[in-house]
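Next up is one chain by itself, shown in structure tokens, the form predicted alone.
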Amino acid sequence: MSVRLIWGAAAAALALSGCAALEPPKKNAPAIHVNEDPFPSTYVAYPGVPTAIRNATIFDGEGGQINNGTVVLADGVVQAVGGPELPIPAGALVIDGTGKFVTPGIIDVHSHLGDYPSPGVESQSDGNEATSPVRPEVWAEHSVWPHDPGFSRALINGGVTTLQILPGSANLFGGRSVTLKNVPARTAQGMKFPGAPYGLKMACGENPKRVYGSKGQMPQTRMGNIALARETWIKAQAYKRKWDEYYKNGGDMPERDLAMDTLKGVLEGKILVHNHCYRADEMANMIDMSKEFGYHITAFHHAVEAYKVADLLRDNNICGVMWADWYGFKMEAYDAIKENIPLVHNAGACAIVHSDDPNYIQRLNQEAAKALADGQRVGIPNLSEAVAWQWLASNPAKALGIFDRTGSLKPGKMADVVLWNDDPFSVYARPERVWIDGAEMYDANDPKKRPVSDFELGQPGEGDVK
């Protein structure tokens, strides 16, 4: 190369270097935040009138009892709770509750109403997306049929004012749950509890391994359950890291994955884990797995062996969601005992009565009564009807992340209230009146205040108390 060419090349290199030095550093495009609530609640409370119930026995839902008590409802919320001296607002509707009981509305944290309507046929069986053991991308609300007559039966027979609809338990990851107000609406969004966090339905034990093992695919065993769940959480952590990096530095948006979106929400603490799990050893395994991957289990559902690990539930702030006396219908339910709920309560853990059934949801007060009687029979101290109502109201509200708004009769909370015609722990008791957000949704003495779903219109018995 000649001297002239060498100098020319050097000059060109210097020129390029100078240009590069003058260019500003390349900036990433700012991150675009994904809409995490594409199906928002459209719930609007029904209209109500200021109401006062006097002379009733009150269970406040947090363990308190007031005899000859007064409850005042107005503007959709509980205004005041106290004794007979409590002033009544001028113009309020006054109801004499002598011989009757007032409680917060019952909250069922485990229902499939709407996804499995009652009555229902196979074509309406929309509760299990049993096409893969990992289906966190499905949302229960997209299967909810708001005209399921089971909703009104739960209201008028059971005093249920709020309920969580879960996808079924065929899958290790069954999808998102939704929390509903038990009101008539044209759409599931019209029932959706405003601001309630989503839940993720997980399952362990017999169901996933039976459903997929019978198809010759993983999981066929309990060790397969855990292995596949761990593999999925590893993917979820990697997915979360991509989005964390994107939200921090911008640039090219990662590809969306609806399944991983749900699990990312769990890892961020925005979505609560409701874990179907029967056996004590499996609950312990699931707790270990949650710690390995950094998420929290809110509640174990159907936890028939919760009494064996009640201390673990207490120490890890996990609720036990249980039946009063279901047992023996499959091997993992074989070691159930009737004292399960009171023993979990006595250990200092969060105990909840649930239904998982369109009939039992109408009698959850009786389920709690059975558990209360079993607990008292074995000598668990300080068990009373007022204490047991926590299993039906405040504890479920805590498990759903809505206790700051409902689940007990405290001033400022939603006026979700039931007036019972008798002691609700009696088999003879029935809801006489039910309010949701201060609106009277049912009155046993007024045929015009008996909700009827579109499905029942024109059918024999329309408007009856079922």
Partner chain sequence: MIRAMLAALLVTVAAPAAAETIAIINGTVAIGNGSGPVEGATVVVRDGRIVAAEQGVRVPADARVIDASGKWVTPGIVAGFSRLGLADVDLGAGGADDTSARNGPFSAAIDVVPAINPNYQPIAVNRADGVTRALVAPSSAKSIFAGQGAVIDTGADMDPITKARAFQFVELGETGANDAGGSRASAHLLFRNALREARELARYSPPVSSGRSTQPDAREQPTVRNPNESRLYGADARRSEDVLLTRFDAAALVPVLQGRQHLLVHVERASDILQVIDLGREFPALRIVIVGASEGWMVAPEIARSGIPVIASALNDLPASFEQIASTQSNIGRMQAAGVKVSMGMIDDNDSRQEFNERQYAGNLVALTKVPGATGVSWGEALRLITSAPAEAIGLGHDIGSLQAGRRADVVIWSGDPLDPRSAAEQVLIDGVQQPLQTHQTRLLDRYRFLPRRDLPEAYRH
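Positions refer to the first chain, counted from 1. This is a predicted model, so every value here is computed, not measured.
If you look for the form predicted in complex with its partner chain, you will not find it shown, but the lines that follow are about it.
Colleague: Please check if A29 has a heavy atom lying within 4.5 Å of any heavy atom of its partner chain in the predicted bound form.
Modeller: No, no contact at 4.5 Å.
Colleague: Using a 4.5 Å heavy atom cut-off, state whether V138 contacts its partner chain in the predicted bound form.
Modeller: V138: no contact with its partner chain in the predicted bound form.
Colleague: Decide whether D311 counts as a contact residue for its partner chain in the predicted bound form under a heavy atom distance cut-off of 4.5 Å.
Modeller: Judged by the heavy-atom cut-off of 4.5 Å, D311 is in contact with its partner chain in the predicted bound form.
Colleague: How about I297: is it within 4.5 Å of its partner chain in the predicted bound form, going by heavy atoms?
Modeller: No, I297 is distant from the partner.
Colleague: For this chain shown on its own, do P197, A349 and S384 all sit within 4.5 Å of its partner chain in the predicted bound form, going by heavy atoms?
Modeller: Answer is no for this spot.
Colleague: Between the options W233, F101, Y239, Y307, which residue brings a heavy atom to within 4.5 Å of its partner chain in the predicted bound form?
Modeller: That would be Y307.
Colleague: Can you pick out, from K370, R222, K270, H142, the residue that has a heavy atom within 4.5 Å of its partner chain in the predicted bound form?
Modeller: By the 4.5 Å heavy-atom cutoff, the listed residue in contact is K370.
Colleague: Would you point out which of 103 to 111, 83 to 91, 354 to 362, 177 to 185 contains residues with a non-hydrogen atom within 4.5 Å of its partner chain in the predicted bound form?
Modeller: Result for this chain: 354 to 362.
Colleague: For the stretch 326 to 350, which residues lie within 4.5 Å of its partner chain in the predicted bound form by non-hydrogen atom distance?
Modeller: In sequence order, W326, Y327, G328, F329, K330, M331, Y334, D335, A336, I337, K338, E339, L343, N346 come within 4.5 Å of the partner.
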